[in-house]
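In the form predicted alone, a lone chain appears below as structure tokens.
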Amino acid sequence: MSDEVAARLALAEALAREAGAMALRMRDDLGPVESKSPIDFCTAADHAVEAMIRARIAAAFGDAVIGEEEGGEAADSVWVVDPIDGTANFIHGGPRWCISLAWMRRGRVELGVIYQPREGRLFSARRGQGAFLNGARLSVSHLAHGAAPLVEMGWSERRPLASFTEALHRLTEQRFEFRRHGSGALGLADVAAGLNDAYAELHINAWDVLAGLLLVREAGGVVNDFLANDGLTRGNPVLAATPEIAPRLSALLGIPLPEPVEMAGSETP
């Protein structure tokens, strides 16, 4: 691992912890809640955490940033940031929210960090070097549990509700269990940790998934080519799964996988 990547990984881990502590402090006095849509919200904490992250990155490296709240432009060296993923859970006082940071170099995801403050879970991955939770190496489930496969299925109103319910119908017919917990980043992290067998969503934005997709790949999972067709700025469907069920889910949900199926350590983020 080059010094360039190592320095950014160290910053990402420190930033995620700092951002988590800041969000926890601000949770006690939320202020006005901004509604982007009936299921998408923003608080002063979202804005403040992203501003802090941007300032720290600028001071350390001068890199570009694309963030959920303030946007940004792609560059050869760019961070993709969700200051609080799972804002609805954050607002309601639940634990299912996180900070998600990914760093891309020349169009390829080099590192990803996800931090869940209320549970103290720090996920980190670097391309070709594995995925970790609080320092312990991760692996996808490989269905070792012997039960029905468990899929977390996210929903975005950028796709018709009927498409979501039809996807759930197909999963149920094929004897998949399903859940929805309101954080795409944590859903992907749980796939990497073997706690879910897959995460899928018919449309999601890059700041929600780039760190998590790297985690899944580095933990031995299979992911779709999220960055295809300008996924960085326009979003895309997402599918990440343990290899044993990835082809079935791809066919059921209509989300193509690379051919041949890309595994951890390959060249595509």
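All values reported here derive from a predicted model rather than from experimental measurement. Residue numbers run from 1 along the displayed sequence.
Same protein, other form: the form predicted together with D-MYO-inositol-1-phosphate (IPD), not shown, and the subject of what follows.
- Heavy atoms within 4.5 Å of D-MYO-inositol-1-phosphate (IPD) in the predicted bound form are found in exactly one of 136-144, 78-86, 120-128, 171-179, that being 78-86.
- For the candidate spot formed by 54, 64 and 100, no residue has a non-hydrogen atom within 4.5 angstroms of D-MYO-inositol-1-phosphate (IPD) in the predicted bound form.
- Shown alone here, residue 115 lies farther than 4.5 Å from D-MYO-inositol-1-phosphate (IPD) in the predicted bound form, counting heavy atoms only.
- When D-MYO-inositol-1-phosphate (IPD) is considered in the predicted bound form, residue 49 lies well away from it, no heavy atom lying within 4.5 Å.
- Residue contact check for residue 132: none of its heavy atoms lie within 4.5 Å of D-MYO-inositol-1-phosphate (IPD) in the predicted bound form.
- Although the partner is absent from this view, residue 158 contacts D-MYO-inositol-1-phosphate (IPD) in the predicted bound form, with a non-hydrogen atom inside 4.5 angstroms.
- If you take 194-229 and check each residue for a heavy atom within 4.5 Å of D-MYO-inositol-1-phosphate (IPD) in the predicted bound form, you get 199, 201, 203, 204, 208, in sequence order.
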